[in-house]
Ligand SMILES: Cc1ncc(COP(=O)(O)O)c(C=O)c1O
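One chain is shown next in C-alpha cells, namely the form predicted alone.
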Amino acid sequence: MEMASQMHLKLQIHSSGCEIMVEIIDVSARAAAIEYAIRDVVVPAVELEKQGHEIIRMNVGDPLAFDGLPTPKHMISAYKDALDNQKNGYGPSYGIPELREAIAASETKKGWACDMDDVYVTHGVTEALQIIFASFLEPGDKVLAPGPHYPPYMAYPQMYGATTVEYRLDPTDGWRIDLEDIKSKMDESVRLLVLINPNNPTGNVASVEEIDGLIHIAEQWPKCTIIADEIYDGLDFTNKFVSVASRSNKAPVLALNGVSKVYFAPGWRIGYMAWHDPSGKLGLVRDGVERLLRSRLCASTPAQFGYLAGLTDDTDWLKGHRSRIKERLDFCINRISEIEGLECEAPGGAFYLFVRISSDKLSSDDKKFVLRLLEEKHVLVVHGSGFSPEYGHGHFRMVCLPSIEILDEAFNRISDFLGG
C-alpha cells in the first residue's frame, strides 16, 4: 500500500484483486490540528495491553476507574428513578428547572447572587467551553489561559479562528499566578481570561490576592470576560478556595462546574455555566449562547436528576472520598521525595501531581520519557508538554486516585526506571 501524498491518492487492492487508485478525502485543518495529550498516550498503552501486559494507568482523572471512590448511591438511585419514571424525553435546552435552581442556590452559597436564569446546563464542561468559544470568538481574537492548563483551552479556540496565549504559573512558588505576565499579554484582542481553580494539572489553589489581581487586570479591558473553571472546588485541601464571581463587582465571570469530579460521576457528562454579569454587558453574547443551546437540544435528562440529588441530598459521603484522595496525594508526595530525579510542588487541591523531571537528559524530551516509562515499566502518565509546550515542558502529570498498593508499585517501577 502506497500513499501519493501530493496527489492525495492511495493505491488499494480491490476485492477482485485489481489495483485501483482511490482519491483521499482531506481532513479539515481544524480537526487535524487537535491534540489531547491525556488520551493520546492511551494508544500505545492499548497496544501493550493487547500483547498481554498489565498497565498501571495514571493518566486520566476518572475516579470511577479506581477502587474506593464510587458515585454516591443516592445519586445513582435518582438517576434510576428518572429512568423508571420515563423521564427520558428531551428536556429544556437550558437544563431542567429543578437542577438550575439547585445550581443557583449552590453558587449563591459561594458568595454571589446567582439566579436560575443565570445557569445553563451542558453536556459536561467541555461542551460549555465549545459553546462559549463559539459565541465569543472571531478570527484574530485571543484566549489568555494559564500555562500549564487543561488541553481543550488550547485546542478549541483555534476552531473559531482564535488563538490561545498562555500566561505563566510560577513552578518554584506553588504554581502561583504570575500577574505581571498576564498584564504584559493583555490587549484589545483578548476576549476571554481563564482561571482554572483548583488548577489542572498543577493542583494550585489561587489565593484571594491572586484572584483579585486577575479581576483587576480584566477590569481594565472592557471586551474581556473571565472564565472561572471551578470543577475541582470541592477538592480544595487548603480551605482557601474562593469563588471568582464572588470577588468581581465589574468584570463579567462565567463560572464552570459539574458532576464529574466532586460528585464522582464523570460518565454522566453533566456540567454547567453560571453567568455573573454585574455590569450588564453580555446580553448579545448570551443570546448567541442560548441559540446554540437550543440548536443542540439538551443535556441528558435522567443524568440531570442524578446530579440534582447530589446537590440537594446528604453530602456527608464526600468526607470519606476527600479523605481517601488526600491520603493518596500525601503518599505520592512522600514517595516522590524519595526518588532521585523527581521533584514536585505539593498541590493544594484536585487529585493530580505535576512532577518535574530533574535530570536534564531525561527532561529534554518529556514525551519520550513518558513513552519509555510506558514501554519499559508499563506505567502510564502524561507528558507535561501536552499541557503546555512552554510551561509544562520537562514534567509529567499523574493522577493520585489508585489505591496505596497500586501507587506503591507504580513508584517502585518509576524508581527502577530512573536507576534506583
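Start at 1 and count along the sequence shown; that's the residue number. The structure displayed is predicted, hence computed values, not measured ones.
There is another form of this protein, the form predicted together with the named molecule, and it is not shown here; the text below is about that form.
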Answer option from Y232, W175, Y94, Y79, heavy atom within 4.5 Å of the named molecule in the predicted bound form: Y232
So which of R286, R335, R269, H216 gets a non-hydrogen atom within 4.5 Å of the named molecule in the predicted bound form? R269
Just one stretch in 216-224, 325-333, 121-129, 161-169 has heavy atoms within 4.5 Å of the named molecule in the predicted bound form, so which one is it? 121-129
Verify the contact flag for F241: yes if a non-hydrogen atom of it lies within 4.5 Å of a non-hydrogen atom of the named molecule in the predicted bound form, no if not. no
Does the 4.5 Å heavy atom contact test between L192 and the named molecule in the predicted bound form come out positive? no
In the predicted bound form, does W275 have a heavy atom within 4.5 Å of the named molecule? no
Just checking whether Y352 would be counted as a contact of the named molecule in the predicted bound form - the rule being heavy atoms within 4.5 angstroms. yes
Judged by heavy atom distances of 4.5 Å or less, which residues of 128-154 approach the named molecule in the predicted bound form? Y150
